[in-house]
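The chain below stands alone, shown as structure tokens; this is the form predicted alone.
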Amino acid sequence: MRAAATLFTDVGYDETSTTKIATAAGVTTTTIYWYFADKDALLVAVLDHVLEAALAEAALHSQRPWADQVLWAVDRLERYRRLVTVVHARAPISESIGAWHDEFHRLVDSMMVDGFRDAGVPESDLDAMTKIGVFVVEGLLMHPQSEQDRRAVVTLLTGQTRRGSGSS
């Protein structure tokens, strides 16, 4: 899985064959297929491992301000930008990746709801703010910005929550 994660991240999913993964891991291609039904199943295992590590790290940041938590998540996910792109491209055509993507979004949505709720967003606005939060994070991953610009975007997103969306 380490070899696959490195190659998928550094080289790209489509450009990485199972033969390349096997060579990098020092095993035969057949060995990979003993453990994984196909390359998509290996990608899901890599994604699960990355997500598990990120969630453990996120727990260490849970007492930080909401903007800092969102920025940390963007920074953490940015390392895996290529995997984010692959998941979005393959989710509609791969049942296993599609299922992983849907579950990932349920988890992220839940975390966003909790973060916005704790930041003071009214219950009636949580669904919309969660969607906006996800769009912002995905947008920052697909369209990298300077650290200063990224912080400005996230601060505005999370700063709006302190004022409440109904106060104009």
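The structure presented is a predicted model; accordingly, all values stated were derived computationally and were not measured. Note that residue numbering follows the sequence shown and begins at 1.
Although it is not shown, the form predicted together with the DNA is what the next lines describe.
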(request) Mind telling me which stretch in 105 to 113, 32 to 40, 121 to 129, 53 to 61 gets its heavy atoms within 4.5 Å of the DNA in the predicted bound form? (result) 32 to 40
(message) My question is simply whether T19 lines the interface with the DNA in the predicted bound form - judged by any non-hydrogen atom within 4.5 Å.
(response) yes
(message) Please determine whether V27 contacts the DNA in the predicted bound form, using a 4.5 Å cut-off between heavy atoms.
(response) yes
(message) At 4.5 Å, heavy atom to heavy atom, what parts of 112 to 145 sit next to the DNA in the predicted bound form? List them in sequence order, or say none.
(response) none
